[in-house]
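Given next are two forms of a protein chain, the same chain in both, each as structure tokens and marked structure 1 or structure 2.
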Structure 1
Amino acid sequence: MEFSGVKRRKPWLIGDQRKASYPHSLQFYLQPPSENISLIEFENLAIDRLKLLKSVENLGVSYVKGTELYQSKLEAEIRRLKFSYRESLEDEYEPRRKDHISHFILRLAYCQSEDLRRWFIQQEMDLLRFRFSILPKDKIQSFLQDSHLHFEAISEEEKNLREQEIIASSTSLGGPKLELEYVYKIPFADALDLFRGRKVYLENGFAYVPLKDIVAIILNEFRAKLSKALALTARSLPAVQSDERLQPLLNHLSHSYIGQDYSIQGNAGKISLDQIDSLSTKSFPPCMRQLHKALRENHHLRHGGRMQYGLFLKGIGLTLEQALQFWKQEFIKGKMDPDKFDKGYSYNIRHSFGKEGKRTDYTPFSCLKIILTNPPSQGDYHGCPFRHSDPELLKQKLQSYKITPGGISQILDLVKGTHYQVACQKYFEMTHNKISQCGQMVFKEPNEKDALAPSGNVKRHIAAAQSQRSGMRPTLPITAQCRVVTTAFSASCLLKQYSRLSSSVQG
């Protein structure tokens, strides 16, 4: 791909030729684009796709994937950003071209580290899954063929011969009627995840896979191919990065994928210890709220709780000195000997601030980490209440937090469906009277929940301003726009802040 400094006229292809280059609304990105584009277009395409992938991520956390709500919101996003999604629309050349080129540009930005690659692959897969799910059934065959995937749909007669077997094997099939379903015959080794669990009918070395299950196989193929391609891209990256025009843009792109970075010291010193009690009930996520309550009541927390809560406090701006004072004061109330505290606990606090040992400045736990690792046992208060609490207890807790019965049942439903983070977000909405817009509010870490997370940091302002200039809304309008707590202390001021926050989010 060559880049010219001068803005060129886009190549104008006549109708048929345009259609031929992009016969489908989706693709596997097997061939890199070969046209010339301007730098400005390069940048815009990349940013648009990044916005799209971030929306994919946000929607995936806010809504259950595959549900109507998810689908319609995602479709709206794709349409808004002018990417391709539907097969049947007429002049789809531009959106498809945009889709094609922007994907390859982002590969450059996201091939550099394991984390970046994982994120990129995950969102691209979700996007592909969505587009595939709305592909009309009769277009699927030609799409697969054009993508060089050797999945042939079997004929009606072949289907009839094996009807009983296929129905008995594939749990994804709804009723007993096979006529309306497409069934694909693929070599058994390509359907590993299906046949190992006996979820597909095998005959003579082939798996007879109904359409619903083929999607999983296709996505696996896609993931494998993309993973390989990213590895290859990383190897040829030095050559690309030596082009000065591209380097700053690529760097900016790859850094903006991570949400707000709570490891930066910039937060420090913006919160005072006497605020914590009120903050815990007003702004803390339930996991931290319960930890704080337990700490106050028992004057003690076990290791898991100290880690989870301690790092959170650091994330919202407690300095090391404040943290030491905070924990010591509380533990002493529990009749702990001050010397014992100094000996046994202060080292660990300093360690988590990066002042001891290998001096890693630990970041607060992400939601996933809290949900998936180190479940709490008897006497522990850490973990995620939505994940680890007994539903009855959770219900009581939510009632004590004055959540409406309607909200409580919504939350409990989400918990039942294991959508813990979405449940937490619902809790936030209930306690702050806000409706989320297009999944723009997503909590990936409890710190994001702390609505009063200070943003006095200059760097963050710049990032927020930049992203607003490029039209990309920051993931968390709250954190980008709220003011620092130290300037407002009384309860009424806080209330005013909340109403300002609500209106800013709606906007």
Structure 2
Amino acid sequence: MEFSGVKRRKPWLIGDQRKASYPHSLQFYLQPPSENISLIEFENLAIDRLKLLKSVENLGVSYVKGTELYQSKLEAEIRRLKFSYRESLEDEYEPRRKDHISHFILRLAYCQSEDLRRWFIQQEMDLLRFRFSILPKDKIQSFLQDSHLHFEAISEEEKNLREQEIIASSTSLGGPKLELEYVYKIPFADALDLFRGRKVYLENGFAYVPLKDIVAIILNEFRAKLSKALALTARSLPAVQSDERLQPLLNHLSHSYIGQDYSIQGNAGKISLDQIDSLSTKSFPPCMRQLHKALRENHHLRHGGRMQYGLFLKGIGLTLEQALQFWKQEFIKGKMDPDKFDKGYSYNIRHSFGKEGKRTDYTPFSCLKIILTNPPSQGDYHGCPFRHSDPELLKQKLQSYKITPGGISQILDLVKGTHYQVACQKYFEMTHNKISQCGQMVFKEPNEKDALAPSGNVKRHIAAAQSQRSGMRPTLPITAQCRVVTTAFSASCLLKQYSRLSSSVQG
């Protein structure tokens, strides 16, 4: 990578040249950028893209995707951040350029682990789904061609010939609707998901897919290409990370919206054992509150509960020595012999802190992991109360937590709609007098709720997490040299590995 002492101008494009650079408001990002940008612009583009993807994620949790409310709020967020979204707007070159370059910058940051890649791909897919949903029908065919998707709309004559079969195979169509709907002839291998769900008509090795259903195929193609591109980018990342001015920026970008690292290195010793009882009622999310209550009442938890609660306590600052003392004292109250605890339970605690076995330093469970895996059985207390509790029992718990009747109704409605994380967020707002801005605060880990709660000494170690969760601009740990530099650098030089690999990605 080379840096020049001369500040270079952006290439000056006019008229048809600008339109040819970015013919559509959405794209598959098949070609990397090849212009020169400054480090300051590099940083600003990356931050804006992160803000956009975070909004996409939070709105997807708070609202049903595809609804009018979801569409309007996401459009407003895209417009606020000045990204491209509609074909009909005048002079869309700058928003589309911003969209293009910022996507490739975040590829560099989010290719570094499987979790990062998964998060990035999901948000980019949701963004593409929204943009495709508002793409004019007369622009769809050219977009497919530019994306190297060889799908063609069939003629009216061919559509009328197979009208009954197509309607019978697609639940989204009815008689009169087919007349206004585009139908695409797609190779069978590209429509396997629709075929698996018996939602498509097949004939002679081709699937006849209505426009409403083709978005699923387009998203699958996009996901496959982006996943492959991220894997290839990860291989070439050392060449980029060798530049000391970019490495801190890329490392911080990759952590800005995945969440604070609640590992023991950052928070060890931040709380005392005496604080846990008061924190459990003031700051813990319901899942951890019920685990703590069960532990105090029964002086024992089964393995699933010990893992979920133990890693949570570790995440909020309990040291290994404190954890051993905490669990031993409680189990002994249940008439367990101290030697039995040392032999049967202390190993697992040390293992979770990375001191035994393969020395993995485990982090707290995410909300999704708690919701989707290892459901509790009779006698268990782990899991998510909003997901795994009977509605009547959940109502009683919320009443005991002093939630108002109106608040309980709101939470139960969210639970009924399977919006468990949003229900937990609503609980937090009601118990801490915090009102989240639309799309700006959706929790993904139980530790985030504890971190945001004001709890004496604990709030010092969560100040950074609070600023990130509240939607504030993340502060990037760039060196002073990076902050003041005004020289331009070549994006094509930075992304040289993309150019080398782009042809294989397209394949």
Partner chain sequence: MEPFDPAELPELLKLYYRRLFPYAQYYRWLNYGGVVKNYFQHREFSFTLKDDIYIRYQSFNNQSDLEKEMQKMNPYKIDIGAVYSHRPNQHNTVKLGAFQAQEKELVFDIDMTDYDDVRRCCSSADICSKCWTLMTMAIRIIDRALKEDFGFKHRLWVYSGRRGVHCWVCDESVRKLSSAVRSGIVEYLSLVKGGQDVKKKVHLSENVHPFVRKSISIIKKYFEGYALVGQDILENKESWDKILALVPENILSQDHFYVSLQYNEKGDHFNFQKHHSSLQRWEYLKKAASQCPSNIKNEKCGPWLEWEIMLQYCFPRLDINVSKGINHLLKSPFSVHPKTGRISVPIDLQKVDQFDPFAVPTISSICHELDAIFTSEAEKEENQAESDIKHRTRDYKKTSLAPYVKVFEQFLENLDKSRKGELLKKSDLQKDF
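Being a predicted model, the structure only gives us computed values, none of them experimental. When a residue number appears, read it as a position in the sequence of structure 1, where counting begins at 1. Between two forms, the rigid core is the largest collection of C-alphas that superpose within 1.5 Å.
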Review point. Form predicted in complex with the partner chain, is that 1 or 2?
Key: 1
Review point. For E75, is the CA shift between the two structures at least 2 Å following rigid-core superposition?
Key: no
Check your understanding: Superposing on the rigid core, do we see a C-alpha displacement of 2 Å or more at P187 between the two structures?
Key -> no
Check your understanding: Do you see a C-alpha shift of 2 Å or more at Y427 between the two structures, with the core held fixed?
Key -> yes
Exercise for review: Using the rigid core as the frame, report the C-alpha movement of R387 between the two structures, one decimal, in Å.
Suggested key: 3.0
Check your understanding: So, with the core fitted, how far does I276 move at its Cα between the two structures, in angstrom?
Key -> 8.1
